[in-house]
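Encoded as structure tokens, the following chain is the form predicted alone, with no partner shown.
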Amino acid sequence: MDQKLIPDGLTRCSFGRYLLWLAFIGVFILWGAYAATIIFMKGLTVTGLDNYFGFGLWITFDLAVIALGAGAFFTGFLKYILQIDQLKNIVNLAVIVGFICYSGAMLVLTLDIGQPLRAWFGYWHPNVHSMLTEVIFCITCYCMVLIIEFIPTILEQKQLNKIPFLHYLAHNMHTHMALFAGLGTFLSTFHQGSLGGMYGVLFGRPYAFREGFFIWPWTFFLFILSAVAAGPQFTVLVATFMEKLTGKKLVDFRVKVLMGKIGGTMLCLYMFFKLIDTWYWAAGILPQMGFTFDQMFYQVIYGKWLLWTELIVCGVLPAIMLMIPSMRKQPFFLYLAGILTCTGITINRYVFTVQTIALPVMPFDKWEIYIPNWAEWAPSVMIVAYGFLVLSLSYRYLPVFPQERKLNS
């Protein structure tokens, strides 16, 4: 029965081996579900969060996966709006990765808000003066857009596609996908920016505070640029990981190189402004606020090595790799640049979330150390496992990769 659901002309591992893989994933999902149950029953007191650290691992995780999932809206924009036809061979995967990242982030937020039964308050009683209100609505709407973009791929499953109504529905949705790609680009751009803008307006937190460009702090634009730089590269890394795991070629390497070129171009643009921003922050904003650059760092856990790693090792270095054609066309450098870029963006989200709060801002304050415990790690790992589950089901039963049959014939 299972073989009847697999797309024609494609081979997959035996059903028994597939079930063992799902069972392995299920262990991590059950562990996270157990932690989530404890949190729902006892509240956030079982986590490493407290009155000082309201943001921690979960918000860092959310911001990181939302940035890495930006490959969905940016690839969709390039494919459907700018008509870069080569991206048709990876846009399905980009949408699935984006769906996993955004839906996973929303699942984690149900734990982080502390009182899940009041989650609807943000929609019904919005604080119109808060950037988080715009984030709430845009993330929710964009997650719905991703579901709409994912539906045609689901309807093209071999058995479902035999139903005339579903067949024509999928075809018509593909025809109008440019509309949803444009809507997704608008929604995702603004919520990516507002996530950064939220930190930039915290004038009482000198590590994150930035001056503005019109009504937006610079971090608004930096978060957008960093997301569109990392998103395409993360999609390439996911495709490559699936190839290594399955032993099959799924995406032509030339498409990966194109994604690397696009991501590298955006990374160069991001690093240009990020380096200027860091210099002006250290030389201008901090002295005006009565702080020094050295005061922003503490020991190893909040040390300067994080900043230099983010800027140089995970910023300038991968940008160089991706912008030199001879290096970009070598798999080792392409994939290494992608790993470094994604690591750098994750570090950026971490320091803006945790180091910003840990920094003492009053004379009687001291540096605070935040250590997430198992109750925070388990749901985060669960979301990663959830991503593996969605990708596993999609790869086995859906026509995700248009080139797979040709590349493996």
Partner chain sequence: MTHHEFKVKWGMVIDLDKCTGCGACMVACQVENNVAPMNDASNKLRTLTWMLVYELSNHKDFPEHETAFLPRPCMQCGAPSCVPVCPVVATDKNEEGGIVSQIYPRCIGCRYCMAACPYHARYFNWLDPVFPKGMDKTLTPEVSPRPRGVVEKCSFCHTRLNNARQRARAEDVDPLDFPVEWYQPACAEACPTGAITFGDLNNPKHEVNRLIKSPYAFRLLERLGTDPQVYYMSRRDWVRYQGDNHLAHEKH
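Being a predicted model, the structure only gives us computed values, none of them experimental. Numbering follows the first chain given and starts at 1.
Below, we turn to the form predicted together with the partner chain, even though it does not appear here.
The closest non-hydrogen atom of Leu49 lies within 4.5 Å of the partner chain in the predicted complex. In the predicted complex, at least one heavy atom of Gln288 sits within 4.5 Å of a heavy atom of the partner chain.
Contact annotation for Glu149: none of its heavy atoms lies within 4.5 Å of the partner chain in the predicted complex. Remark: Phe55 counts among the residues lining the partner chain in the predicted complex, judged by a heavy atom distance of 4.5 Å or less. For the options Tyr102, Tyr207, Tyr199, Tyr80, the residue carrying a heavy atom within 4.5 angstroms of the partner chain in the predicted complex is Tyr199. Proximity to the partner chain in the predicted complex, defined as a heavy atom within 4.5 Å, holds among Phe203, Phe241, Phe213, Trp279 only for Phe203. Heavy atoms within 4.5 Å of the partner chain in the predicted complex are found in exactly one of 154-162, 256-264, 322-330, 117-125, that being 117-125. When contacts are defined as a non-hydrogen atom within 4.5 Å, all of Met41, Leu132 and Val361 contact the partner chain in the predicted complex. Shown without its partner, the chain has Ile357 as the single residue in segment 330-359 with a non-hydrogen atom within 4.5 angstroms of the partner chain in the predicted complex.
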